[in-house]
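This document starts with one chain, in the form predicted on its own, laid out as structure tokens.
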């Protein structure tokens, strides 16, 4: 792809909810495209929905993007602070005849839509107030009516553009639902609150946006925005409409599917590297040989819209879990400790005594790391090292065997005072098996049951070393007898 202009892209979330996975994926594609072409990734907070926009949602969005590593350039534009620029653009459209005041009441519009529905017609405004005479308009004003402002759409027009994902696009003016509202109701001498399609066009031009990268659910908006930009004589960006994220049934991913916000994925124990990596794969195919595990920087070096699919991208939990596991397995014990320690301390663990020793914590991370899929697994799997475990039925059955009891009794008196080396541990197991007259496997299963309350778990010798280092092995073996 040949880029002939400086790349400036934007993410424009509305703070009416938390950062959605779909918005985050859009952010990823914008960020990758900007970084690939040495451009700017800008942020605009579209907070003009006064009733639904909340400061806490803005905070959630900003923190979520930062957590993912999607750092933006410059200060975010706050859309609500630009309302006078939006109204000035509407005034220009009114003056040029591209827009007009419509006084149709809500009751009249509802009746119109009901008639259309009864006739099995698509809902559309019938442009009834497009050509009011001054006298007709004055009569409506005298009735006390307020007006929305509508932009004229020529039903005979054909709107065309080249989309970086979908190629040549064409939209008929007749399919846009009639003249569109660009400002809410207000007295006849005022301009009401500007609406989405108008403000987006004005703000994109003000930000110098070169490419608009967003979901395919905006395609109809693109046709309307091209008409508005042309009427306002504003430069046109290049568009790329990415595929939607779908659930396993092939429907658009929604709150009904459970987890959809980035903060929820974070709380579940997914890492930012894994989630960003996986979102890149939702609609984009990496070049041959690259594989599916990569960093954002690696993806940015090869990202292009030629490899973005048109079909919807199905969300695959198994693939996300695999990627997250690969990220965790590759972490050095010290780095894994940085991520797990706050989770442990939130439960009152690792705050005092031997378990607060960073060296011991890193050894625990080295033991647990290869088996983690989610960071949250590092809580469950670490629990037996910080608290006395509950013995499960299989472990209880093992400890009830006569040979197990004999093996543990033989082992207990020989526990060393100082450090327990792997060689010393192996020798102790051999001696206990010989003294008790059982196989070494019986000693090992019995020791695991005593230490962890389960017959399943990580490497026994390392587990024993860690528990011995904090003085927990003797107490747990004694308690099992």
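Positions refer to the first chain, counted from 1. No experiment lies behind these values; they were computed from the predicted model shown.
The same protein has a further form, the form predicted together with a small molecule, not shown here; the description that follows concerns it.
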Note to self: Quick check on this chain: which one of 125, 196, 386, 294 has a heavy atom within 4.5 Å of the small molecule in the predicted bound form?
What the structure shows: 196
Notebook entry, point to check: Of 86, 214, 337, 150, which residue is found within 4.5 angstroms of the small molecule in the predicted bound form when only non-hydrogen atoms are counted?
Noted result: 214
Note to self: Just to confirm the contact call: exactly one of 185-193, 390-398, 355-363, 214-222 touches the small molecule in the predicted bound form at a 4.5 Å heavy atom cutoff, so which is it?
What the structure shows: 214-222
Checklist line | 4.5 Å heavy atom contact, residue 12 to the small molecule in the predicted bound form | finding: yes
Next item on the list: Tell me, yes or no, whether residue 276 is in contact with the small molecule in the predicted bound form, where a contact means a heavy atom of each within 4.5 Å.
Entry: no
Notebook entry, point to check: Looking at the partner-bound form in the predicted bound form, is residue 200 within 4.5 Å of the small molecule by any heavy atom?
Noted result: yes
